[in-house]
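First comes one chain, alone, set out as structure tokens in the form predicted on its own.
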Amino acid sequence: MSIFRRGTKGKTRGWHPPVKPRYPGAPDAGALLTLFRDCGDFRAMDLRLGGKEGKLTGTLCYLDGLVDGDAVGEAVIRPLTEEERFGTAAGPEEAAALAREALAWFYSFRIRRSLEETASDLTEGCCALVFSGLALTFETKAALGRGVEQPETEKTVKGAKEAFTEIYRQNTALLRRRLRCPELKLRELTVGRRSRTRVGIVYLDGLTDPLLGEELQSRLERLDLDGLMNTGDLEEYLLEKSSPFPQMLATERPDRFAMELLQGRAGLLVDGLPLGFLLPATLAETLRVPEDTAAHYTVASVLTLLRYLALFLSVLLPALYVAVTMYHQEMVPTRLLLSIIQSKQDVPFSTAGETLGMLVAFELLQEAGLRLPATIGQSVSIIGALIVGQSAVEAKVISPVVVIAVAIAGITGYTMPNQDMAAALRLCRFGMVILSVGLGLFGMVTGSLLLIYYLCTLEPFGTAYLSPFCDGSLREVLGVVLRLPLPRSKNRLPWLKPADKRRQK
């Protein structure tokens, strides 16, 4: 059986057979004018190659705003209209042959013999010299978009200060600057019938598992979407089993992207998204940060252990408080139990009601802080946390112990390096509290077992999500929970099945 599981009918959810070309036929100026009718930014002009004495006339087409006007004028129109360069061209094939000899001042051109390819090049920022049945496209893209900036969501202290941008080719250049080897491969595909989004599959030849790259390309080629606009379009269609737990790592840092490629993962770069996607993801990887390798191994190990502790507290602490105070008061020390009873004497709501209410209020405050502008959102968070919470305690609406339990669970959730993982943990927190309300500690334990079982069923691209906890040796488990000294980390992660298992001698 293949390591990549298929559905019962041999097809994965959301996949469709490849569609036929939407714009059949050969390139032609009239066909392009019809295709781009009612497009105010479409420009077309007749151009005689070789100037007045030239024998061949074509139509220069481009989309205003996507091309650099100076590049079109100086690198395309000017050399094409010089008699000594293209004056001898008597047909489209001769013009293509002369262009192939670099008699024009541009660095990249393509010969297109289909209308669909020509239209695709125009929408990507090229200008096209169209003849009957053949087109020459020149790459004259305008420099649009923002420059390279610092990462916003993945803060760095001792690492690089560069982040991916929305410009695809700029992202590939950032990656090439870190991995200067020809083994870094970049397979480019076009996804989306209408968006025509360029997607690059990135991997290291001779290191990454060949089956991983082939399977990823096969799934991308069979995607049938109108447009690829956000991360959900990738995750929900590429993965065999959709889950709130992240099965693809999204990073805005090129240095982390390169580090994961060196471990044996494959990556995706999508035009228009300032993120790089790495797969397959595991639970252990979502709790690691690039700074772990920059810090001393003892410091990094302690911080990693704190993140695992924070994961358990974020999911289980509110549920544990509800179960103990409602069903198992004998487990609480006497002085602490008396303090809890005293704080709840004047509170009109039950423990379950106030705990669930505080969790909902915490989520509302977090959502408000995210959606509002930065300065206003910060003010809302402070007001909600300090003024409203303190007022509710003083008014005897909620007990202070519930506030402490929910606040600790929320703070520990913020320590998760991966925001998708933090969102999944918030959902699990609600589920655990509801089970504890109904069944006490038995419900919390049952919920924990069900959660572990569910995580065991996740196998993104044939890799167990709980690796190495479910299928690794003790040394491998210690290798992800603790950060070993780098000279002793000689092997790559075995569950990624790298072709080159050794990272150093």
Partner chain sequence: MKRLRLLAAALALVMLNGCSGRWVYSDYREIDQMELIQALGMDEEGGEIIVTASTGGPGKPVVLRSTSASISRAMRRMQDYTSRKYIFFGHTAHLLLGESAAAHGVDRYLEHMERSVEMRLNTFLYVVRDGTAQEAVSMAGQAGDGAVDLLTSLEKDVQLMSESHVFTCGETAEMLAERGCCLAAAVSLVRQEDILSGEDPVTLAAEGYAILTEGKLTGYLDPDLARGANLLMDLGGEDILEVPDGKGSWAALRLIGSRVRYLPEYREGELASLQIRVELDCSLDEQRSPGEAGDREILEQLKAGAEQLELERICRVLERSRALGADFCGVGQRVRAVRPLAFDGMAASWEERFPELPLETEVSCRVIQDRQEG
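Numbering follows the first chain given and starts at 1. In this text, all values refer to a predicted model and were calculated from it rather than measured experimentally.
The discussion below concerns the form predicted in complex with its partner chain, not included here.
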| query | finding |
| --- | --- |
| Interface stretch in the model of the complex with its partner chain - options 63-71, 24-32, 433-441, 464-472, non-hydrogen atom within 4.5 Å | 433-441 |
| 4.5 Å heavy atom contact, Lys344 to its partner chain in the model of the complex | yes |
| Contact test in the model of the complex: Glu330 vs its partner chain, heavy atoms, 4.5 Å | yes |
| Non-hydrogen atom contact Ser218 with its partner chain in the model of the complex at 4.5 angstroms | no |
| Its partner chain contact at Ser314 in the model of the complex, heavy atom, 4.5 Å | no |
| 4.5 Å heavy atom contact with its partner chain in the model of the complex for all of Thr334, Ile340 and Leu450 | yes |
| Single option in Thr118, Thr208, Thr351, Thr282 placed near its partner chain in the model of the complex, where near means a heavy atom within 4.5 Å | Thr351 |
| Selected contact from Thr412, Gln247, Asn171, Thr325, since only one has a non-hydrogen atom within 4.5 angstroms of its partner chain in the model of the complex | Thr325 |
| Within 4.5 Å of its partner chain in the model of the complex: residues from 242-261 (heavy atom criterion) | none |
